[in-house]
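First, one chain by itself in structure tokens, the form predicted on its own.
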Amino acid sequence: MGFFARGIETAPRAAIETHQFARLRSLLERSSLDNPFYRTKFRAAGLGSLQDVIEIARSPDRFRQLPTSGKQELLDDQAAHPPHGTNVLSPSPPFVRQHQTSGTTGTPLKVWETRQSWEWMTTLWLYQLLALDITPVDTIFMAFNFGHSLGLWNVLDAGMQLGALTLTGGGLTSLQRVDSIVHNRATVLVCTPSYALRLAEVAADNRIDIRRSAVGTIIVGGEPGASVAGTRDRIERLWGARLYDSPGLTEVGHIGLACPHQGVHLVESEFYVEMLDPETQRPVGPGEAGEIVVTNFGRPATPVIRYRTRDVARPVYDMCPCGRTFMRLEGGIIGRSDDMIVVRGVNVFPSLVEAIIRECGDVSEYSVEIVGTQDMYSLRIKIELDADCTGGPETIRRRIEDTFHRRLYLKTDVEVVPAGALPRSGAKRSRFVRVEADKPSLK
């Protein structure tokens, strides 16, 4: 079992917090003096002097007096002050890279990197690779298009720093990626959960037994699903490999670290993380669902301070069997606070829908239409069946409908569609589509 920085990864909670607040004070001091965006926010919050700002980073309760920030706020700032916005140290440092968020929730947010922040981003992936004992004898395959999104760019640098052969799948079709994985004897696959399923499907369609490949470790991120037991089990069964959920956000950094026990830790040496009730903004207790609010330490030229990620998870603080004392997320990312819908009085996250569908088995792909208005939603689910499903279409359809009713007291409309009818993608995507109540089902 490997560590990047064993001392801090296994430190007592009090020592981790001391480390974090020392870095917070340094970040706040610099941002108060030289970052117009945060200097304005601090003053609006009544923190007029540098000493006021530094003193706020003395305890969690005091730090919460700072206002939060959000994606739309940063987008508006970039639109008003192109191209960088005002969340940049003054004078502006030399930037060496520019990436952006995927745009799946709206206008992409641009992210600017200095050489130092890019090295920090690579370090975050070194935490991950070393945690899973990736070594120079491994071959890493990145099933990623290498476009403007940040995605897996830093995996390339981290893998090479480890001395591992690191292969990119940019510009290749899914079948070409499968061929490259098999012929280059890749031992580690990095992609999204849905694309791991897609690659296994392409392999089967072309009579390639992907379970006989050398892949033993699959690291996924970019979308929910990997911590859903049914999805994880399905991917592991199709590949004959272990699956690890390693979350991150373009605007924050690669915040997650999957350990050998398949726990999802947060890299608290490089981030200060608050778990807050999305409505009240008060801290939640261990095991309670809260929104992840993040301050990052490694991008001082363009930081995010008390950034509302909208991701929801349940924090656990006791020591993990892997020996780490970093906070871990029980069940990974549950969903997004802005993705939750109320269906006939029941709070429903996409991850819960996926968990129920996967639990029922025999489903190779699915999509969900959220039908109705804000006042009354219903779920319309389309499924494709496994080629070797254990029951007929009507049996499986009724099984899923009955399970939703038993678990959530919800009536759902499940439709079995032909194999290949539902969309696939290698990119970050959502299987959930909102449909107005008077519109017909999407075809």
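Small disclaimer: the values here were computed from a predicted structure and weren't measured. Counting begins at 1, following the sequence as shown.
The next section is about a form of this same protein that is not shown, the form predicted together with a further copy of the same chain.
Asks: Pick from R336, R97, R314, R358: which residue has any heavy atom within 4.5 angstroms of a further copy of the same chain in the predicted complex?
Replies: In short, R97.
Asks: Consider the chain as shown here, without its partner, and state which of R232, K110, R198, R306 has a heavy atom within 4.5 Å of a further copy of the same chain in the predicted complex.
Replies: Residue within 4.5 Å of the partner: K110.
Asks: Check for me whether a further copy of the same chain, as it appears in the predicted complex, comes within 4.5 angstroms of all of F21, P36 and P60 - heavy atoms only.
Replies: Per the other structure, none of F21, P36 and P60 touch a further copy of the same chain.
Asks: Choose one stretch from 213-221, 277-285, 167-175, 250-258: the one whose residues place a heavy atom within 4.5 angstroms of a further copy of the same chain in the predicted complex.
Replies: The contacting stretch is 167-175.
Asks: Under a 4.5 Å heavy atom criterion, is G240 part of the interface with a further copy of the same chain in the predicted complex?
Replies: Looking in the predicted complex, residue contacts with a further copy of the same chain do not include G240, since no heavy atom lies within 4.5 Å.
Asks: With the cut-off set at 4.5 Å between non-hydrogen atoms, does Q262 touch a further copy of the same chain in the predicted complex?
Replies: The answer is no: Q262 has no heavy atom within 4.5 Å of a further copy of the same chain.
Asks: Using heavy atoms and a 4.5 Å limit, would one call M160 a contact residue for a further copy of the same chain in the predicted complex?
Replies: Yes, M160 is a contact residue.
Asks: Since only the chain is shown here, I'm wondering whether F146 would be in contact with a further copy of the same chain in the predicted complex (any heavy atom pair within 4.5 Å).
Replies: It does: once a further copy of the same chain is placed as it appears in the predicted complex, F146 has a heavy atom within 4.5 Å of it.
Asks: Though the partner is not shown here, which residues of 121-136 have a heavy atom within 4.5 Å of a further copy of the same chain in the predicted complex?
Replies: Contacting residue: only P136.
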